[in-house]
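A single chain, nothing else alongside it, follows as structure tokens in the form predicted alone.
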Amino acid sequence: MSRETVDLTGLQHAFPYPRSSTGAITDLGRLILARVKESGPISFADYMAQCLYHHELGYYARPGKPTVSKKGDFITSVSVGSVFGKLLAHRLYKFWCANGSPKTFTILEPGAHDGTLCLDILQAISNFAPEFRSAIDYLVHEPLPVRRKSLQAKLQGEASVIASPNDCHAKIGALIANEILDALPVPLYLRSNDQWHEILVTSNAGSLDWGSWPAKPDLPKNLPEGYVTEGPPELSSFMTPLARMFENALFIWIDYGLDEEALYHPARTAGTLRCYFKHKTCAHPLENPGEQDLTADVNFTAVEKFATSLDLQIHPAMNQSRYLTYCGKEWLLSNPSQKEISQFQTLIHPTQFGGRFYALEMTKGNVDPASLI
């Protein structure tokens, strides 16, 4: 840790939520404390990775506990209903047709949670394009063993559940990644004494606490004292295997996020890192490790830069409202039910999912992107 005195007031402003007064700590918290005691402080990115993806005690290693639902901690576009999957199904169908309707078409969905989106997409395609359904090989990428088992039980052979895309190869296909990038662990930084410090997680009197050490991240230097923000996640280990799996493909990323100009605006002094617990955000990042969601806005600029290094072609991002409206042009003319129209309105409403979320498409290889407009 830094030997100089570092003013951590900026962290108190960024995360003003009260800490627990009971002294209770989760099983994962005890493991992290023991690790810190043995080996010293860990980076916040490492801490976030443990909180979300520890193979037994991480937040996403709990398939029996509701997380994405009205009874859980947050909702997604998938939670709204099956219309989200139907609209993406139409987008995939348009891409398949534009590229010669190949006899085999691989769809890869990383982080498919409970498999609902997968089933919604496949059911929609079966209903309006059975010839496309017969061509689909749907793969769900899930690294956590306990969640793979749960997915296999729910999908009932409709899709294959894989631990890694490294051994998979597809001549042509598509990737669907809904709210995945925001769950990649990010480093946390503080501007103090006119320099950047990386935030660490350490211990203090038997509880998890903040620490720091000097750092030189690729961040603006003209930001105010006490400024807290996140750096980009480590994208290589996540995106590279996904890109290498396909010779030709459409990649669809849907998430909330910002470009770097907005993300590192001087007025955004507290960053975007937040916790979700029972649909509330008033939770401290060091509280209840493994039992609350940790997330940060996607740095779309960093994602696009790295994708370019993988020889992916970047297409203009658009908000979810515009994107799903383009995807659903044919569907809207098919006389959807009032319930479906209500779901669609929720998905595109600017104060709900429509304005907060963005869709970023990329392509690889010699393909026709099948323009939405």
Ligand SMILES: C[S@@+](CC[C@H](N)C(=O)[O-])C[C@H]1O[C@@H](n2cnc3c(N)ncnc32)[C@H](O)[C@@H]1O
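All figures in this text were calculated on a predicted structure; none of them were measured in a lab. Position 1 is the first residue in the sequence shown; the rest follow in order.
Separately, the form predicted together with the named molecule exists; it is not shown, and the next lines address it.
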{"query": "Interface residue in the predicted bound form among 76, 288, 203, 248, criterion: non-hydrogen atom within 4.5 angstroms of the named molecule", "finding": "76"}
{"query": "Contacting member of 326, 331, 60, 306, with respect to the named molecule in the predicted bound form [4.5 Å, heavy atom]", "finding": "60"}
{"query": "4.5 angstroms heavy atom contact with the named molecule in the predicted bound form for residue 100", "finding": "no"}
{"query": "4.5 Å heavy atom contact, residue 147 and the named molecule in the predicted bound form", "finding": "yes"}
{"query": "Distance check, residue 86 to the named molecule in the predicted bound form, heavy atom within 4.5 Å", "finding": "no"}
{"query": "4.5 Å heavy atom contact, residue 299 to the named molecule in the predicted bound form", "finding": "no"}
{"query": "Which of 264-272, 123-131, 208-216, 138-146 sits within 4.5 Å of the named molecule in the predicted bound form, heavy atom basis", "finding": "138-146"}
{"query": "Sequence-ordered residues of 337-369 touching the named molecule in the predicted bound form, heavy atom within 4.5 Å", "finding": "none"}
